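The chain that follows stands alone, in the form predicted alone, written as structure tokens.
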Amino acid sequence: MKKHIDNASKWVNRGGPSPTDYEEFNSWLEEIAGEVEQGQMASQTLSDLQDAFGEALSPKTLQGISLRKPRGYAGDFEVIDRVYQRSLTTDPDLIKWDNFFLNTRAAHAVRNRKAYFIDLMNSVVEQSEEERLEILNVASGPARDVFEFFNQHHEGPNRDRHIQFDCVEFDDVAILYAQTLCFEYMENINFMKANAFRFTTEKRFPLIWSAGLFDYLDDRRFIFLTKRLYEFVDEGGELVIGNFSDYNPSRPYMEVLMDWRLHHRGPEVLTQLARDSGVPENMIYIGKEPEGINLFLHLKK
């Protein structure tokens, strides 16, 4: 254990890893993750190691916010939006840590899923002949993906098409943040504070999107919510579920320093969960963003 504490002190004294150090730093985290997985490191020992990082794991840094979970959950709207915007801490002594966080493969994948959503929305708009489209966004968080879509949409060839988003989000502070961000498009967005598992509607949507919720659900809850949301998909529409792949090089960093644990799932597992949710085989498709880390389960109807 002492060697790990000493190593933590080394990185802290450097103010965090520089880009040339990233491979070494990641290798060290992989070593620790292996020890945890094999039962060679107790949870209290891991907590002591995290404490050794001091201010580097304080709420002044992205990794510190993720560890402390001030909103009660990992990957809250503030962290996700700072990842989208590549927003750094204001403390110059801690900037290296935020730079490392923002340059992880996982952070790249999160930014890519925003682009994936915008491309998907553009495709839905182009393929539909309806003048009015209603979209459901489940666990909408900061809603920057919706904001950036409207920024593009209002300047594009389909700008006269009316698009309405119903955004379901449980965190009321996230809703307030999203409303402020999207204030100029609020006539097109209905934010609803609701638990996704209890949400119900009489509407049927050509697209239901959920980018980051299902990563946190075990298989039983995954199937339950998939079945529930699939009922709200219109004929010819689809439900699209984001989930981190079992290929995630950033996993040791997330779990060791931030206790940020996801249900990582590969294409085969996602496909089987879709089958178990009652979706026909020919209606299942798996997409991915360029990093290959964030997968997207497409369920047509």
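What you are looking at is a predicted structure, and each value in this text was computed from that prediction instead of being measured. In this text, residue numbers run from 1 along the sequence as written.
Keep in mind that the form predicted in complex with a small molecule is missing from the display, and what follows is about it.
- Residue-level contacts in the predicted bound form: of Val83, Leu229, Leu120, Leu213, one residue has a heavy atom within 4.5 Å of the small molecule, and it is Leu213.
- Residues with any non-hydrogen atom within 4.5 angstroms of the small molecule in the predicted bound form fall in just one of 190 to 198, 177 to 185, 121 to 129, 87 to 95: 190 to 198.
- Although the small molecule is omitted here, in the predicted bound form none of Asp219, Val279 and Lys301 has a heavy atom within 4.5 Å of it.
- When the small molecule is considered in the predicted bound form, Asp145 lines it closely, a heavy atom lying within 4.5 Å.
- Taking the partner from the other structure, the small molecule in the predicted bound form has no heavy atom within 4.5 Å of any heavy atom of Phe224.
- By the criterion of a heavy atom within 4.5 Å, Gly75 is counted among the residues contacting the small molecule in the predicted bound form.
- Residue contact with the small molecule in the predicted bound form: Asp171 places a heavy atom within 4.5 Å of it.
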